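Shown below, as structure tokens, is a lone chain in the form predicted alone; questions about how it binds or moves come after it.
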């Protein structure tokens, strides 16, 4: 990882010095032990803050859309002859490049607006799983040493195997290397375990309708409507979310159980052909709602019914964004 960090910093400096990008979105060391946080690098000197390791959790593509949108809106107030182009650089692993593909397919910006620095990924640490593994005690210092996470805690020194606390989305990832990039830093990472990708979903599908609904209801009762999942998701970028529209009002904004269920259900269906299983929504949820199981069910259906995996290729459009009567498995459409 250190070698990748060195090359990443060198590449970032070069891009900024040559003015090929205006800003680079990446990660820097967090203020808390064993954390990394998104950062915005605008000068060559700041590039030395960039890190790439198992602590880089959040999908940075959310910020790509935000910065490009803000710039475009600002340029509308500038005379046409004075308008300037802004290129956003982003450090992107496999799932992040899938998000970029989704945004490009949905024509949110042009390919020339973004410069992709591809990095290989061997998974990131699930902060909640790590905390659980050490009994919830406070971590005062920590580092990753090979395949171990070593910590000083309020309950003494502790060590945890890295593989035991990787995020669930990483353990079965089939796209842990960038799909598209302008430059690649580091060698491709070894495959994870994609054969087990849908194991939990298959188990869930084996339950009765009543059991599935009971599980959904139980999970949604945890939701406090903080909107952290929506704010972290790179595929949630509507200027006004349906949950906050008042004309018409689709769903209440309070903590009514029915409104919460409807909010999450509608958001899930907005992810059809658009969720890349980056795990950001699960990572930021303060209540531990099992959003991934439902999202993976939608992902599995998209693959089995339409042969689509979200963001797997620039040429493979999302199922709700294309129509192909020759491969439509729903015969009832043509033979009612």
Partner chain sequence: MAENLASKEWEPKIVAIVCNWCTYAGADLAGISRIQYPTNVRIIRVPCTGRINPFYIVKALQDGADGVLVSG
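Quick caveat, the model's predicted, so the values are computed rather than measured. Positions refer to the first chain, counted from 1.
Form predicted in complex with the partner chain: not shown, discussed below.
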{"item": "242, 266 and 269 all contacting the partner chain in the model of the complex, non-hydrogen atom within 4.5 Å", "value": "yes"}
{"item": "Listed range touching the partner chain, judged in the model of the complex by heavy atoms within 4.5 Å, from 148-156, 162-170, 119-127, 250-258", "value": "250-258"}
{"item": "Selected contact from 189, 144, 262, 184, since only one has a non-hydrogen atom within 4.5 angstroms of the partner chain in the model of the complex", "value": "262"}
